[in-house]
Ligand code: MLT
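Starting off, we have a lone chain in the form predicted alone, written out as structure tokens.
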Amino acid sequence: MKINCLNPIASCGLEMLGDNYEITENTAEADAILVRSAVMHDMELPDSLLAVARAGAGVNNIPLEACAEKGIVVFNTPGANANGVKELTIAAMLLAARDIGGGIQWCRENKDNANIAKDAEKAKKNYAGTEIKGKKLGIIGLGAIGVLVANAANRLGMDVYGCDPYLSVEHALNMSRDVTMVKTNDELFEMCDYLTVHVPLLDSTKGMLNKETFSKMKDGVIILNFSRDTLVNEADMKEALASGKVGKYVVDFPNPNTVNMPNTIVTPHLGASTQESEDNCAKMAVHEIREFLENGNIKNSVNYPNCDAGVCPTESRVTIAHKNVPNMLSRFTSLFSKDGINIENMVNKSLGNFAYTILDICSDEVDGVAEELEAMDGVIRVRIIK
């Protein structure tokens, strides 16, 4: 199998590739692509390409629909960089609460002052702040990152409230019992001193923090955004900062708007920029690619359903990427029964317009059936795993 890396991928991940893998510089011959930030929308997707793994959570740099239409499964690495983002979010709250940046800048500007120690005692009142202990923190989105932020803030003595209508059982079990769940974001807006957002960028979340939602918040609220800049209507944010409705805005996405807003702390997309996060993302991405290429299993895909049949116990395994339309399964099974081939195990899952089926077959003569499957309307790609 040939793997193409569009960005540098941590060596600890690439070392997980076995002897059956080769790193290639030629995208046109790649079976799989590993990517971080490189934009793939204008790329010509080769017919050989089976999978793309993004070493990170966001996938806005990948043409998901075009990949799905060609049977190319796109993976991301949710949670691999969660601790790095959590730690930066906590640091952001402290930076917003205490004018640490202003104090550091004063020291730099006065580095040649022989009386700096004495003058600092007079100057420090200009950089006084507040403590975060006892303040109310509202967390919008309690996924891998949001839960870690909730638990850390709770241990720092904050009163933590969260809202997530899609909270998973796994994340609920990992969350401190001291975190209070509310049903709507409006409840967070009305009572919280700090608000941090940890949701993906979707049509439903784009611009979700805007003039209307700011009007529901406490005066002087501090807003943290380490998810995506476009979750915030920046024109409305600038107005809210100027009026004092929003006390401070800490955002990890520099652009011509954010870097020119008053009372804003901007960092250069540092959320996952730790060695540990990069290593974790690389290892998870390579594991996903290997599991898919070697066993046909899908975990953490964003354009195809998760589908796991373990290791194939029979003579053959066939996987089918297809459209999510009626009667596909009956058409698949009828082909095998026509040739007297028994299906030992079948797993089928769907996601939106696309579906994926794994068939474990009690025969090693499946080439002819695979060709018939490929000719079916609605079938996108057929692979014989073994």
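Sequential numbering from 1, following the sequence displayed. The structure displayed is predicted, hence computed values, not measured ones.
The form predicted together with this ligand exists for this protein as well; it is not shown, and the discussion that follows is about that form.
With the partner omitted here, the stretch from 354-362, 63-71, 34-42, 331-339 that lies within 4.5 Å of this ligand by heavy atoms in the predicted complex is 34-42. A residue is said to contact a partner when one of its heavy atoms sits within 4.5 Å of a partner heavy atom; Asn81 meets this definition for this ligand in the predicted complex. At the 4.5 Å threshold, heavy atoms of His269 reach this ligand in the predicted complex. Interface residue remark: Val318 is not counted as part of the site for this ligand in the predicted complex, having no heavy atom within 4.5 Å.
Put simply, Leu49 is far from this ligand in the predicted complex: not one heavy atom of it is within 4.5 Å.
Put simply, of Lys283, Arg228, Lys135, Arg290 only one has a heavy atom within 4.5 Å of this ligand in the predicted complex, and it is Arg228. Along 36-63, these residues reach a heavy atom to within 4.5 Å of this ligand in the predicted complex: Arg36, Ser37, Arg54, Gly56, Ala57, Gly58.
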